[in-house]
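One chain comes next, on its own, written out as C-alpha cells in the form predicted on its own.
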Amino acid sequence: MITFEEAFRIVMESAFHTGKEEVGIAEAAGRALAEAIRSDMDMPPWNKSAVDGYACRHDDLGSVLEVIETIPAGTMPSLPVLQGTCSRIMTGAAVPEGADYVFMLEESEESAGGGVRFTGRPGNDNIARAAEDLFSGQTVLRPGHYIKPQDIAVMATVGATVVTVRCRAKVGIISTGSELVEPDKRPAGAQIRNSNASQLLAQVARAGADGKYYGIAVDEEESIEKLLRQALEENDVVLISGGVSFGDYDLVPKVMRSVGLTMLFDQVAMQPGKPLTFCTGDKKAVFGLPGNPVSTFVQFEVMVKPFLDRMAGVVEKEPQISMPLGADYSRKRAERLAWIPFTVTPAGEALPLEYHGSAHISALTGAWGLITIPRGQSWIQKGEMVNVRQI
C-alpha cells in the first residue's frame, strides 16, 4: 500500500496529451485552450465615457457651458470641445477631442439659456482611457487555460471566433457486480441499483471529457474482459467501478493483467478508496475504482479529474483552501489520509456532516465540499484550520 501522495505522483506522470482541434467560441466553454489568444485591438479603442453626462474641459467645471452636440454610443464625435462648450454623451461613447472630464447627468442643471452647469464636486473624471483594459497584441488567454463563460466574452471582445483547444478525452465507464441492476429496474432479493455509472458519467462531463457507458459486467472474468477490451479500443481512459478489492469475486485486477495492462499500484492509504487500482497501456489508462459510491465519487475528484486535466493540458492547479473547523472531529483509526463531507456555517466554518461511510452517498447531496484529514491525525478541535476542497 502506497501513500496518496505517491499514487498521485504516479498518476500525474503517466498522463499523455490529447490532440488539438479548432472550435467556434460557442463550443469552447469547458475546453482547455491549446494555443494563446491575443487581442487584435486596443480596448477601449479610444477614450470612452463611463457615465451618461457631459464631456467638457476640467477648467470649465464652474461655468455655464454651451451644449454643441449629443454623442450616443456607437457614434463618433463630430466636434471638438473648446473653452465654454461641452457635449452631451452617453455611457460607452467616445470622448470628443478637447474634453478631459465627464460629469454625470445627476450632477448637472440646465440654465435658462439652454446651457448646462456642473453642480457636484470635482472628482473622478469618469473617462475610461484607451487601451487601459487591453492593448493590441496582448495575450489575453494562455495555453492550458480551462475556458469559462467569462473567457468566452473576452474571446468575443478580441475577435477570436475560432480557437484551438485540446480534444476532449474519451472515457469509457464499466460497472462490475452480479448484484447490480440498472436504475430503471426495481431491485429484487440481494440486488442493488447501479448508481456509480450515472454518477461517473456526470463527473466526466463536468470535467470536460466525453463519457461512454458500456454496461454492467457480472462477476466472471469473461464478462469483465469483454467490456474492458471494447472500452480500451474506443477510449483513452477507462473507469471500472467495483471488483478491485481482495475478495473471491474481485476479479478486475486479474483481468487487467490478462489484457496486457501494466499495474502501477493497487492499494492506496486513503479513505475512502483504499483499493484504488491504476494501470496503463499504450496511450491508455485504466482506473479501478471501489464499488461503494462515495469512494467512487471521491477518487474521481481527487485522482481521475486531475489526470484528465493533465491530459487536456490544463495548467491551473486545485486551489488550496483552508477554513476553521465548525465542531470537534475524531476518528478511531488514522493510518490513512481521509476526506469527509462538510457544509459551511453562517460563520464561515467547515461543519462535518453526518456521514456513515463510503456507501452513504446521500451525505454528499448537502455537502459544500470535503475536509482533508491528514494521515496520523485522529483529533481536530473546533476552530482549528483544516484544508478543504469544493465538490
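We number the residues from 1 along the sequence you see. Everything numeric in this text was worked out from a predicted model, so none of it was measured.
In what follows, reference is made to the form predicted together with adenosine monophosphate (AMP), a form of this protein that is not presented.
Stretch 172-180 is the answer when you ask which of 254-262, 100-108, 172-180, 158-166 has residues with heavy atoms within 4.5 Å of adenosine monophosphate (AMP) in the predicted bound form. The partner is absent here, but in the predicted bound form a heavy atom of S195, alone among S195, S223, Q138, T280, sits within 4.5 Å of adenosine monophosphate (AMP). For the residues P77, P290, P306, G313, the 4.5 Å heavy atom test against adenosine monophosphate (AMP) in the predicted bound form is passed only by P290. Though the partner is left out of this view, S87 does not reach within 4.5 Å of adenosine monophosphate (AMP) in the predicted bound form, counting heavy atoms only. Taking non-hydrogen atoms only, D250 approaches adenosine monophosphate (AMP) to within 4.5 angstroms in the predicted bound form. Within this chain, G273 is remote from the site of adenosine monophosphate (AMP) in the predicted bound form, having no heavy atom within 4.5 Å.
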